[in-house]
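Shown below, as structure tokens, is a lone chain in the form predicted alone; questions about how it binds or moves come after it.
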Amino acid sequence: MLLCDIGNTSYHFYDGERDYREDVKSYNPLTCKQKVYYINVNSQLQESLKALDNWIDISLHVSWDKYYETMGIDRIMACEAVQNALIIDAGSAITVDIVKDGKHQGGFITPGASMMNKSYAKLSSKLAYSFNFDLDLDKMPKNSQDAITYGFLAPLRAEVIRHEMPIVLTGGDAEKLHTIFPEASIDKSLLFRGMQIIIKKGGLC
């Protein structure tokens, strides 16, 4: 079974054993002859993908009444993969979602580490530091790098841990955030597991 998470910059494929990416600008989905189950947040590609019989849009098989109308399909797939957990997807944005008894309870979105770094640098060149993910967040900072790190990470940690739920980290910066959530598990294939669940529920294979 070939799964694909399509974003604004890449086709992210997963075949059950390995994952790989193809650039949106150069990859032609016509070259793939096998059946592909996909989700897509790239509106510019949707019409061309609809015309391909072997590309199956699994967002059409989601029980949308469990989620809010504008919620991203990638977040929904991650939520479908768990029954009771707080999910942190750490990418260009950080999304946090709570699932209890298989039902989405709500969540929030904040800029990811890269975007926050750029924001601080725009405020002042003196704040153009990378984040110190090894910072002790139980102590107030005494230098600029740690000060911007604290401003970014401390509110995130406080909001997450107050819910007292199992934490699952996914996304490109999952390992970085693991330093402030050492009790969390890391699951880079979380979204794809959610896709597999929807495929089975919908009888698509």
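The numbering used is simple: start at 1 and walk along the sequence shown. In this text the structure is predicted, and so the values were computed from the model without any measurement.
From this point on, the text means the form predicted in complex with a further copy of the same chain, which you will not see here.
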Assert contact residue (a further copy of the same chain, in the predicted bound form, non-hydrogen atom within 4.5 Å, options 32, 147, 49, 165) equals 147
Would you mind picking the one in 143, 54, 44, 63 that has a heavy atom within 4.5 Å of a further copy of the same chain in the predicted bound form? 143
Where, among 148-156, 24-32, 173-181, 55-63, do residues come within 4.5 Å of a further copy of the same chain in the predicted bound form by heavy atom distance? 148-156
Quick check on residue 128: any heavy atom within 4.5 Å of a further copy of the same chain in the predicted bound form? no
With the cut-off set at 4.5 Å between non-hydrogen atoms, does residue 36 touch a further copy of the same chain in the predicted bound form? no
Contact label in the predicted bound form: residue 105 to a further copy of the same chain, heavy atom within 4.5 Å: yes
Is residue 92 close to a further copy of the same chain in the predicted bound form, meaning a heavy atom pair under 4.5 Å apart or at it? yes
Pull the contact list for 174-205: residues with a heavy atom within 4.5 Å of a further copy of the same chain in the predicted bound form, in sequence order. none
